[in-house]
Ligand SMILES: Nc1nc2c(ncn2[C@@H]2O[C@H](COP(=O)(O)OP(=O)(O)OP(=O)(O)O)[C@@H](O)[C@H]2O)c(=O)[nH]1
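Consider the single chain below, provided in structure tokens and representing the form predicted alone.
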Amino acid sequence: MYTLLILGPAGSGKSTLTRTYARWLRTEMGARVYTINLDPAAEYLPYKPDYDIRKIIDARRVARELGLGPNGALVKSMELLSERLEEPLSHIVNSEADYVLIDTPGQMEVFLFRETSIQLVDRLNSITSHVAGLYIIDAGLIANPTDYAFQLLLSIAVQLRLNTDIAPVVNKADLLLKDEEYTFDLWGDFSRIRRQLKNTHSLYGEMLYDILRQLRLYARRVLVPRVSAIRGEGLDDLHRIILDLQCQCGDLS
């Protein structure tokens, strides 16, 4: 059983990719897929999850019962999820799936920077054969070198935080220019992004350059797939990366 966490900023297309990749796995690979929505504040999902955390923890209900605002309700919901992790985990164990896709909360920081995320990965490692993650980069948010560098920084930081394999994926690839030169791999793009950050002549650009120079020591070369979750494009490339993570081949270049 392969478990895949779908991570990324709000609006990057996590839920849409969960739907599209699950459908592709079922139709193209004949795989048994189990989908989980882990966002207690989701108002709409483009797919019907096999397990929905909102059945036991609903952020809107938490807000009403405790008199909290939207952010406070999300934080409290993550605390409640930590206390009740065994429930969704038991469903995973009983699913007999080949792939488990976990659609994480839209507000990434509420999930990622609390112990809930680490507890989840630790427990998943004990009940499934392999745990990895996809960090979704929104192509619409990398129009300039500082935005691009910041997304790379987040991708590597997520991997270090969760201590598990994380593959960056560029979604909404139809928004990229056809002559886009970025590979979206830190090693492959480092020289180019270094020059561009220096040319910004800003403290922010200099800071990102210094941070990326250090993070490169912890990053490995990867082939970063470009996908369109809406159009269902690039899923073959995405699946190849996931298989490479599964076999833990090391260098994915």
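Sequential numbering from 1, following the sequence displayed. Since this is a predicted model, take the numbers as computed values, not measurements.
There is also a form predicted in complex with this ligand; it is not shown, and the following applies to it.
- Remark: D174 counts among the residues lining this ligand in the predicted bound form, judged by a heavy atom distance of 4.5 Å or less.
- Contact between P88 and this ligand in the predicted bound form is not found at the 4.5 Å heavy atom cutoff.
- Taking non-hydrogen atoms only, G106 approaches this ligand to within 4.5 angstroms in the predicted bound form.
- The closest non-hydrogen atom of P9 lies within 4.5 Å of this ligand in the predicted bound form.
- The stretch among 126 to 134, 90 to 98, 164 to 172, 76 to 84 whose residues place heavy atoms within 4.5 Å of this ligand in the predicted bound form is 164 to 172.
- Counting a residue when any of its non-hydrogen atoms is within 4.5 Å of this ligand in the predicted bound form, the hits in 9 to 42 run P9, A10, G11, S12, G13, K14, S15, T16, D39.
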